[in-house]
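Below sits a lone chain in structure tokens, taken as the form predicted on its own.
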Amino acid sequence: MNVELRDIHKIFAAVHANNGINLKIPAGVIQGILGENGAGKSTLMKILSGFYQPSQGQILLDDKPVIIRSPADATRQGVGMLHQDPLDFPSMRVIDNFLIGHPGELIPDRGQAAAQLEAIQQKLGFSLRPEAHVDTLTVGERQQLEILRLLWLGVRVLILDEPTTGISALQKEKLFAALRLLAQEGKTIIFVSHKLEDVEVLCHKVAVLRQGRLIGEMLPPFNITRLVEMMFEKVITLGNRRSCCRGEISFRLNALELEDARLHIPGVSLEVQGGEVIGLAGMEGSGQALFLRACAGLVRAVGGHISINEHDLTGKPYHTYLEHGIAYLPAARLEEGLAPGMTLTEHFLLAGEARGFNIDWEQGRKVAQERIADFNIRGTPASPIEALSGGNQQRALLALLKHPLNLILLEHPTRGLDIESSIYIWDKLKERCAEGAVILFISSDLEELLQYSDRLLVFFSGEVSSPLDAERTTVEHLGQFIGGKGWAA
């Protein structure tokens, strides 16, 4: 299906999110959409997929003007969108999620649907069990489920918003192979990303947005330096590694043993200096998320001890961990970290210290304005949190952290962020390290793990490696270790 966007504008109060965008995407093409956080990428795709109505402009599908009034209407017209955060029902089974939105009888034929699910996923190289519960799936598998559902609904234009963030390298390879196959069949793929390396290997052409405008387009071979300049109006570099270790042991694990329905992690012992950054690497589902939640007091260990600054926290409730300066930032920003429907001011009021029975709204707005400026959040104190871009939501999460902190635990801290925003986030985190805070973080980006960690722990099927010196570890070595090679040595 050919897609054309003509003079698309979208205005939210004082924000001109899309400003006169014209873009043609032929059928069978994998179109990359690049841009900094807040450039208008997701807004443009939400207009095409029916979540928003344009303030001005026109959408054409196969050269025919259309009006897309809702996501369901978009699906009926052949357009479907895979969002950064999966829009599924975790407590339900795969087959039940697959059936959602499909027109037909009141009581669908689950057997027939399961057969069709199997047929589509065999073609794409996926392997989901129809009776598995969605909350047991990895992020990559939940993406696969949504792709399968959209294809079954007849989608011919598939939009993917930051799909490679938080998934393993193997899942990314599987996703790219499926997208190439769909493009060969004539489907239109729109790939929204901030990862230049992904766009370079996958896309047939790229459009770059900046501050709501279409800056330009490029065909292969892509000039990566020029693309960065188009995105930011300047060249961005990561800078030098910074270590803030202070020497004193701040965080200690002694034979920590963890268990859930899928994994058993035997005793892990670790001593971490104040200001040190420990990166947690591994394929999704290998145990690093369970480990991080145990360190936050959200999962109770079945054996061993956890202590912070010589205070034993073993078996203590989550609030005790908070009282000892431990903070946890989840990957699921809107599901676990923030409260949709509430403004930035309300978030800062909730995160602050309670002062009597009355809410000091004026003080809340003042704090919100200060944090917005300090963390360069593109929003106002009255902005609903869900109205912010993913990058600005991540900045808001960091702005909510209290001072001082002893231990900061992060899942994919730069998930969905462009390179400039990622550098900004890590500058803020390194400021915390300079104050003596320990950081443990999960990332699927090997370059990020090596750039910002002092040491690394690698997880593989519940096994945990001895700490690796990040400065002496290469991407190739780390990738092999994550894949299970070299453990015997």
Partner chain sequence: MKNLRWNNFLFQLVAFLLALAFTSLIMVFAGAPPISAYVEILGGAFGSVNSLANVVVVWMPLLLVTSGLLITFTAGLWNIGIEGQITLGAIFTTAALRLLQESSLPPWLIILLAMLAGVAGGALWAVMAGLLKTFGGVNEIFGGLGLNFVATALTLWLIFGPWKRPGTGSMSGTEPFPDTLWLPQLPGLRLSPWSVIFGAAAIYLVYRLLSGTYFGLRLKAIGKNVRAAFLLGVPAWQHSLLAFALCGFFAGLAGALQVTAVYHRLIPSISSGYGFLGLLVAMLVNYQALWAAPVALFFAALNIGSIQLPIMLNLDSSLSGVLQGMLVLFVLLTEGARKRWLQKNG
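Values in this document were obtained by computation on a predicted structure and should not be read as measured data. Residue numbers count along the first chain shown, from 1.
FYI, the form predicted together with its partner chain isn't displayed, but the following is about it.
Enquirer: Quick check on this chain: which one of Gly274, Pro330, Gly78, Gly390 has a heavy atom within 4.5 Å of its partner chain in the model of the complex?
Expert: Only one listed residue qualifies here, and that residue is Pro330.
Enquirer: State the residue from Glu131, Glu335, Asp312, Asp135 whose non-hydrogen atoms include one within 4.5 Å of its partner chain in the model of the complex.
Expert: So the residue touching its partner chain in the model of the complex, by this definition, is Glu335.
Enquirer: Is there a heavy atom of Arg293 lying 4.5 Å or less from a heavy atom of its partner chain in the model of the complex?
Expert: Contact with its partner chain, yes.
Enquirer: Heavy atom to heavy atom, is Gly341 within 4.5 Å of its partner chain in the model of the complex?
Expert: Yes - in the model of the complex, heavy atoms of Gly341 and its partner chain come within 4.5 Å of each other.
Enquirer: My question is simply whether Leu322 lines the interface with its partner chain in the model of the complex - judged by any non-hydrogen atom within 4.5 Å.
Expert: Yes, Leu322 lies within 4.5 Å of its partner chain in the model of the complex.
Enquirer: So, Phe375 and its partner chain: in the model of the complex, are they within 4.5 Å at any heavy atom pair?
Expert: Output for Phe375 is no: heavy atoms all beyond 4.5 Å of its partner chain.
Enquirer: Heavy atoms within 4.5 Å of its partner chain in the model of the complex: which stretch in 253-261, 214-222, 190-198, 357-365 meets that?
Expert: In the other structure, the partner sits against 357-365.
Enquirer: Quick check: do Leu298, Glu346 and Leu350 each get a heavy atom within 4.5 Å of its partner chain in the model of the complex?
Expert: Yes, the whole candidate spot contacts its partner chain.
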